[in-house]
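Subsequent text provides structure tokens for two forms of one protein chain, presented individually as structure 1 and structure 2.
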Structure 1
Amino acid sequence: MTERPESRSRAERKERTRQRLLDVTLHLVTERSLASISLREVARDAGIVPTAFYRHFASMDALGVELVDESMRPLRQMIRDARRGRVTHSDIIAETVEILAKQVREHPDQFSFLTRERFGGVAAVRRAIATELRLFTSDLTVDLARLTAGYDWTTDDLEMAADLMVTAMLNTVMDLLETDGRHPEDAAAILELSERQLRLIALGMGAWRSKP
């Protein structure tokens, strides 16, 4: 067992290249859709020969599916952050939007990939994102159930509300990404809009009564 800080084991070097392929693709997807990115282009940017690509993925589509997991991590982290933050309670919404903004600022490529490919060209990727997003919505549903304890909401109605919130927030994400970070005042306006929309939904929930 050689514990050398430089150049490591073979398995590790492979993993490194694999990660480079994912990173490079994620970066390219920022400006063009996955379907229009070629295998050769990705290989070139990752510094390997085109045929070596196949040592890691069977096709670009397969890489895309892997990329979904990769990109969902910040979203999952987000919900964990939102829970961990001791409940300021009176302003969960402001806090949530803040966390969202932070995550988008820190992981623009991941969010760009998710929002762009959600309805994008590659069916397999689209389906993978839909599945992950469903899991995310169902996590949010659990949180909403905690907040509405005592108001006897049905799970179905909670899911409906959670879905609407996720939709609204993903829309916010796309709007944020389109400002390029070049106009920080625009970003502030978008976040303010998002906050009001979530607040509107919350108000609606206060007035809602689930059918028994």
Structure 2
Amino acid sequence: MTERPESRSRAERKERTRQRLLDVTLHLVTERSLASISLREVARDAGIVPTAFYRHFASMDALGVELVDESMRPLRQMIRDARRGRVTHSDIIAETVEILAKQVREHPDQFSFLTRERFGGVAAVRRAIATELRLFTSDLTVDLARLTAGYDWTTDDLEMAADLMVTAMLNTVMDLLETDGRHPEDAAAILELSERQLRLIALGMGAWRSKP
């Protein structure tokens, strides 16, 4: 059955309001923690009454979890796509750093939110960020298993190497957020260091042998 135009219009308005709630909250958390922001404040800035908020999210915690997904999912998918078909550490590292830099440059508020709320006061958001980071590590572990097939690494050691790489990338994000756009050479130096760090981890993997 064909969807009626008024139904499509209603759904589109609802989606626009939902996105406005996310955008307003992301703007508010550029200077404050999510825990300090009230539902009433978000609703007011989005131009709706507080009771209408619940048509879109069950709570501010649920909105925060959605912000995590909106921030992390595209990055994880882009990096996963970039790794597909690559056969060397160098290819994967170079493209991963390039994608990470582009995303931080284009979406600084999202990454500021993630780095601040990773240890923030909203437990559901902390768990959501931790889950996304574990998924990053899991994806990378699978790739490392493919690239080190001849070394008979244990799963624990592969996960350890992947975690080191993810931690290095997190540090890169935090460093990039501190740079001044008027000095692009600072960001370039951070990205060069990031690539060197990841290559160093990859080189060390070549000499590592898992205990039997």
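Heads up, when I say rigid core I mean the largest set of C-alphas that superpose within 1.5 Å between the two forms. Residue 1 is the first residue of structure 1, and the numbers go on in sequence order from there. Just so we're clear, the structure is a prediction, and the values are computed from it rather than from any experiment.
Which number, 1 or 2, marks the form predicted together with the DNA? Of the two, structure 1 is the form predicted together with the DNA.
Rigid-body rotation between structure 1 and structure 2 - hinge position, chosen from A188, L34, E41, A130: Checking the domain motion between structure 1 and structure 2, the hinge sits at A130.
Turn angle in ° for the smaller rigid piece between structure 1 and structure 2: Rotation of the smaller rigid body relative to the larger: 16 degrees.
Can you give me the Cα shift for G47 between structure 1 and structure 2? Core-superposed, in angstrom, one decimal please. Between its two positions, the C-alpha of G47 lies 3.3 Å apart after core fitting.
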